[in-house]
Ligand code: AMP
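Have a look below at one chain only, the form predicted on its own, in structure tokens format.
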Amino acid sequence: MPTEISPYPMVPVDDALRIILRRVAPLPAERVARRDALGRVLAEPVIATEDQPPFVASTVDGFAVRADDGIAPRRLRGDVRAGASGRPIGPGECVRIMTGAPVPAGADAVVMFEWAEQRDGVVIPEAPPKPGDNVRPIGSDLRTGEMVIPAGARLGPVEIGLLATLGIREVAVHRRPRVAVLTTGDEIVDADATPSGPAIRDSNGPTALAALAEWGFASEFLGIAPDVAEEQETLIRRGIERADVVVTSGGVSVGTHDLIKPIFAKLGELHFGRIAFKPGKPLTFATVGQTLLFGLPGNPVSAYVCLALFVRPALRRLAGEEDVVPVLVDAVAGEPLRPSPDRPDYQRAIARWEGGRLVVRTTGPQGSSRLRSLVGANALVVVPAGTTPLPAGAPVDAILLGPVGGDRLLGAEG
């Protein structure tokens, strides 16, 4: 078979993701300190070990009263602030109380300052209070034995705060995957080198390492391998020994010096070698035992987009997350979009809210070697395969890569 014809069928995008994720299971659990748990995924649920609040607390600044006294005048008997306890009150008595302070024994309601008259040490409510007014009962937030955070939840700042509230110092989380990164190609030199002759600096390695760090995954750079099968195989084997995932870039097309697919097939099982997708058609996926191998294209845009849309979901699943597939959102084309004739094109775009609609416009020329097309891009707009450009105003799907600006603010309608 001529080398310019690939023996690998083009796999649809959704099928490629299914093939990958079917072969990914969360990594084993380990216990980590609360201070190190941010961004980790729980391997077991967190159960409340005590009631919260542990005492009856006021939810407002006001006067702690007995509801049975109605609107009768009460003698003011002191203050209760947060972190302090007040003496019990009897009939016809009240105390001034601050938000979060414990409601003293004998009181069963709190009247807000603005709903009571105070003069000469006497407090008179404007309306009869009811038992429980402005009072937070014991356990109203959390009950002992209640599941607070389910297994599979990613621990963000709020979840860390809940752990602190309950005094939980350690939690069981899934181990984070380790990633080994390899750049290939005779033409590639180190990013800090001065190229001589027809050489280019390595951008795929630094881009991948930076993306993995931003996403919270540990990585190791295996180096730059020339187009020599033995050298590439040696470094890939090293990555398999050290990491859960090996990511290479370059050498996945059909040229005589494209060696990654044969090496992957030799070392393990190659599951697909092309996808119906632009940019990144020659993306390759294989497994060696439990280790995942991804062969990214050499063009910088293709490499990054494939890393974000195919490698990242696998890493998130390894880390314990369940919902990992990139989400498509409804958008509107802000300009005509030119399709690729044979496969969907995930074009780099800037998404903004305009008049209550998410409007996407490309970042300009979309060549897969043009890394600049990703600068400022906060979305990928999915342009279906075809021969007729989509007109401005056409509905499209988009995948958001970052925050979205525009005229839609918190609380705004539309």
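The model shown is predicted, which means the values in this text are computed figures rather than measured ones. Just count from 1 along the sequence shown to find any residue number.
There is also a form predicted together with the named molecule; it is not shown, and the following applies to it.
Query raised in the report: Which of these residues, Ser340, Thr291, Ser219, Ser203, gets a heavy atom within 4.5 Å of the named molecule in the predicted complex?
Result: Spelling it out, the residue with a heavy atom inside the cut-off is Ser203.
Query raised in the report: Among Pro125, Pro297, Gly239, Pro177, which has any heavy atom within 4.5 Å of the named molecule in the predicted complex?
Result: Contact with the named molecule in the predicted complex is made by Pro297 alone.
Query raised in the report: Counting only heavy atoms and a 4.5 Å cutoff, which of 324-332, 128-136, 185-193, 76-84 contacts the named molecule in the predicted complex?
Result: Answer to the contact question: 185-193.
Query raised in the report: Is Thr287 close enough to the named molecule in the predicted complex to count, meaning some heavy atom within 4.5 Å?
Result: Outside the cut-off, so no.
Query raised in the report: Heavy atoms within 4.5 Å of the named molecule in the predicted complex: does Asp258 have any?
Result: Yes, Asp258 lies within 4.5 Å of the named molecule in the predicted complex.
Query raised in the report: If you look in the predicted complex, which residues in 216-251 sit within 4.5 Å of the named molecule (heavy atoms)?
Result: Ser249, Gly250, Gly251, in sequence order.
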